[in-house]
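Quick setup: one chain, the form predicted alone, written in structure tokens, and binding and motion questions come after.
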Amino acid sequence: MPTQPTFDPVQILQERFAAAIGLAFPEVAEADRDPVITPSKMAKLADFQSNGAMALGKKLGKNPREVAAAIVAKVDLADIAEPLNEGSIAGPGFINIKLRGDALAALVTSMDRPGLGVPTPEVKETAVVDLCGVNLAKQMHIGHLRAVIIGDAIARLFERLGHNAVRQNHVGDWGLPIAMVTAKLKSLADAGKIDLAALSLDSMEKLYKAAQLECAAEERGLAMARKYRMGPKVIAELESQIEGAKEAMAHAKQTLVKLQAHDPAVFAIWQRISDVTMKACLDTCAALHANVKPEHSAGESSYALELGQAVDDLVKRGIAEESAGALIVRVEGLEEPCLIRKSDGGYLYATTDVAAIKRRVQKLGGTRVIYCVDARQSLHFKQVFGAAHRAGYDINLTTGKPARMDHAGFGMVLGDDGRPFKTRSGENVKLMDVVTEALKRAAAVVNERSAELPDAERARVAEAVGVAALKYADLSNDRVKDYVFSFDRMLAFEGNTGPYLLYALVRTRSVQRKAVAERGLTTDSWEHAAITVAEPAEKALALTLLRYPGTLASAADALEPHRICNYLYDLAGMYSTFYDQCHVLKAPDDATMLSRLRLCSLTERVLADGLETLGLPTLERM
């Protein structure tokens, strides 16, 4: 990742104080020269403080205040802060730092460019992001929400930072379960009982479940019936069921063979299942404003030829070994090996994922491979990453170095009862139903709050509010944690919510429109105006604005979109305080008015940029 921008005050102070520690105490190793720069707890006295003298004093066996004094004597802050002296040292060795208003103004001015201070990366990465992850013949449900929007936000973030992002929607479209439903649909279609052209995904999902039941033999039930002598009728019924299940399973396996051979009749049924499923998937992603397109789909079917090749390669090179008839790859640091082929010769999810890493790194050029998948799959990905690393499948052929592999795991979406969010009947909640309900509720809120808007504009606002509310409620939570789903909470216009941030953005745009309408100004009037930072609220807003590039960089490094959400919420709050305490259009003079309009404009651009990076829609009016 690129280094923090040099106009970030925290970064500047960090670098200057570290250099001063090196000059004052050259015997201290570079790794131990952390000055520990933090915001001051007493804003009236200082903006920041350096707390590193205490730890350094302990390491050197010196009085922390003496260490602080030695640092103060060496640090060069003339261009950014007010002069330091003995009075700047407080308590056991804190060094208080008060930034100069003109220096802050210069930093903000340097940030107010098209890129908003985000540096062009020295080395351009290719981040391959695994997201969405649907299965054929199944509706997307609430469990897919986080995989879609977190994955899309991470991909957007890498793109915003100037890197390449390659999205991969890993579709479960192959194997015996898919063959079961394919066989079921073909039997019904051949008998004239269904019209494939008119079949919906809901109908397919019901037939999918029916096909699985037909292939599930009640062996355990028969054993129980015999053990407890439940009578010949019960036993006969169970024996009949098992016989039917075996026949259904045999038929499904035959269908799988035909599917793998691309038998025209069987493959046509499979293709219809795929088309219906993927249309519903892409429609749902579009409704969520997530950038998941047809070209991003990579079904398990596309790995059919690569699995055998990968396993043969692992065996030939002695990386895979036999264990109880199965093939495993031992992974350093884990007791559980990675199982890549079952004793019956069948492949597993791990087999496909190992092959996928090879493709994503060596064919797609990934330097970073990211999996946005449920956190409960943590062990699976440790095994897969370890196996791929042992095999050298993570070596990027351009750089010659291993790609960084990350599992960006996420927690569950919970209901009010603290359990996984389900319908009253216990079924998974359909994701499209959630989106539809969010839009419906947003429309009710917007119709009440903005009845004066024309119908078409009210509809646009409602759609943006609904999508922003739903996505922000998820993204603003630490992704590894579970969170409780609440329409009422997410649609609130107060607090850390999507609607609140949209409203904050609209306020920044409103004051600029008023400047044009009421003062006869043009955007050119303030775009290059001199910025002054004199009032406390101006300083607080400026300091918050300057954190933006660093926030994006740290969020990408940690794969944590909630850091951007927290930042945007802070910025919206600082802007609100600034707007209340620093009159813009009624400023004491024109120079101050134009300076404040430029701060409003920069805040608007940063808010819009942050929201768009997260994948949230924005608005001009509400």
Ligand code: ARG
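Note that the coordinates shown come from a computational prediction; the quantities given were computed from them, not determined experimentally. Residue positions are given as counts along the sequence shown, with the first one as 1.
A second form of this protein, the form predicted in complex with arginine, is not displayed here; the remarks below concern that form.
Remark: Ile150 does not count among the residues lining arginine in the predicted complex, judged by a heavy atom distance of 4.5 Å or less. Using a 4.5 angstroms limit between non-hydrogen atoms, Ser110 is distant from arginine in the predicted complex. Although the partner is absent here, Tyr371 lies within 4.5 Å of arginine in the predicted complex, judged by heavy atoms. Put simply, Arg146 is far from arginine in the predicted complex: not one heavy atom of it is within 4.5 Å. Screening Gln377, Gln362, Ser486, Gln254 for any heavy atom within 4.5 Å of arginine in the predicted complex leaves a single hit, Gln377. Think of it this way: in the predicted complex, arginine has a heavy atom of just one of Val465, Ala355, Val134, Ile154 within 4.5 Å, and the residue is Val134. Remark: of stretches 111 to 119, 502 to 510, 457 to 465, 134 to 142, the one touching arginine in the predicted complex is 134 to 142 (heavy atom within 4.5 Å).
Contact residues in stretch 142 to 177 (any heavy atom within 4.5 Å of arginine, taken in the predicted complex) are His170, Gly172.
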